[in-house]
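For reference, the chain that follows is the form predicted on its own, supplied as structure tokens.
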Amino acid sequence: MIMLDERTKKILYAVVENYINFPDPVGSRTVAKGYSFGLSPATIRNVMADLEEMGFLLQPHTSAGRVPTDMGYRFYVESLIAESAFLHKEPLRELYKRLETLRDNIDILFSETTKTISTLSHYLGIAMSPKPEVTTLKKIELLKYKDDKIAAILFTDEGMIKNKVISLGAEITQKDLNRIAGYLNSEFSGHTFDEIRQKVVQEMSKEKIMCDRLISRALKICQEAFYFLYGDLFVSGLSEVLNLPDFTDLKKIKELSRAIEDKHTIIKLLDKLSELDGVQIIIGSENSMDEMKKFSIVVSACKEGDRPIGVVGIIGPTRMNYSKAIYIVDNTARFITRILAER
């Protein structure tokens, strides 16, 4: 990070904070009037010109004030984190109260989390349930569906219920499905989906096991039933975001809509971030997704020891109230981590 002297830092922070609160280019007079720096508008204007030259600020029009660049936001955010400027606030009591009752159903817990953090922040709330490799099977139920299709219902120790329709290529009775479910529960209960898939591959390579028709079918069912590449994605609050002045531009609305629709890319991004500790912030052009280069993401993993058990976060414009967003995400992730550990 480029080193700035204290005066320059204060003026940069003043521009960033002013622009976050009021989405208009910030002039030197606004900074001089709004902040007790004891500096003349001319001095502030010179410092702002230096900040523009260094890449921290941008002047949209010659006669206009200046706005922060992604680099300016990054410097501001790093300083917030270094100073823990987002920690010393009132606990999110309403959020805690709302989520406390949902600890036994992780899907509903994450769904409600996105709605609540969206309401609190006025940005998009996002969450991803645990990845399959860390999701532990409690039990499986198999139901005859139609023709050669069956429904597999998976109950996990984390409180998730996952459903999958599987085509077997041949009809099977409910009695046989009950026997297969009993076998799978006795063999695999308490194992993660990833462990089950690995064990199934090993078992299917043994020809003597494949001779038993029911066990052979059980293993084939396992191959499909436990194959989930990523956790489930939850998104809430598009209406909250569209009320922001940043979204008067139809093009920006379309970009955000495309990003939300491309769930697979967001899931891959969250999957990568879930391995990291603490709050992670990706600002504008730092995003790998083209559709997200005008937006910022603030996320944090919920963990059980070293094991990621989900991700919660916020998506909003780069002109985001980062202090508030980091505070909400950090506290929400910590709370979910605690209530899931207490189950």
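Throughout, rigid core stands for the largest set of C-alpha atoms superposing within 1.5 Å between the two forms. These figures come from a predicted structure and were not determined experimentally. One-based numbering along the sequence shown.
The same protein also exists as the form predicted in complex with another copy of the chain; that form is not shown, yet it is the one meant from here on.
- In the predicted bound form, every residue of the candidate spot (D104, K138 and M160) has a heavy atom lying within 4.5 Å of another copy of the chain.
- This chain lacks the partner; the member of S167, S186, T173, Q202 within 4.5 angstroms of another copy of the chain in the predicted bound form by a non-hydrogen atom is S167.
- Shown without its partner, this chain lists L143, L214, L92, V134 as candidates; in the predicted bound form, only L143 has a non-hydrogen atom within 4.5 angstroms of another copy of the chain.
- Although the partner is absent here, L250 is a contact residue: one of its heavy atoms lies within 4.5 angstroms of another copy of the chain in the predicted bound form.
- The closest heavy atom approach of Q198 to another copy of the chain in the predicted bound form falls outside 4.5 Å.
- Contact check for I81: no non-hydrogen atom falls within 4.5 Å of another copy of the chain in the predicted bound form.
- Using a 4.5 angstroms threshold between heavy atoms, Q223 stays clear of another copy of the chain in the predicted bound form.
- In summary, the region of this chain contacting another copy of the chain in the predicted bound form, judged by heavy atoms within 4.5 Å and restricted to 269 to 277, 188 to 196, 152 to 160, 71 to 79, corresponds to 152 to 160.
- Contacts between 250 to 267 and another copy of the chain, taken as any heavy atom within 4.5 Å in the predicted bound form, involve L250, I253, K254, S257, R258, E261.
- In a rigid-core overlay of the protein, S236 has its C-alpha displaced by under 2 Å between the shown form and the other one.
- Taking 2 Å as the criterion, F247 does not count as shifted between the shown form and the other one: its C-alpha moves by less than this amount when the rigid core is aligned.
- Once both forms are overlaid on the rigid core, the distance between the two CA positions of E78 between the shown form and the other one is under 2 angstroms.
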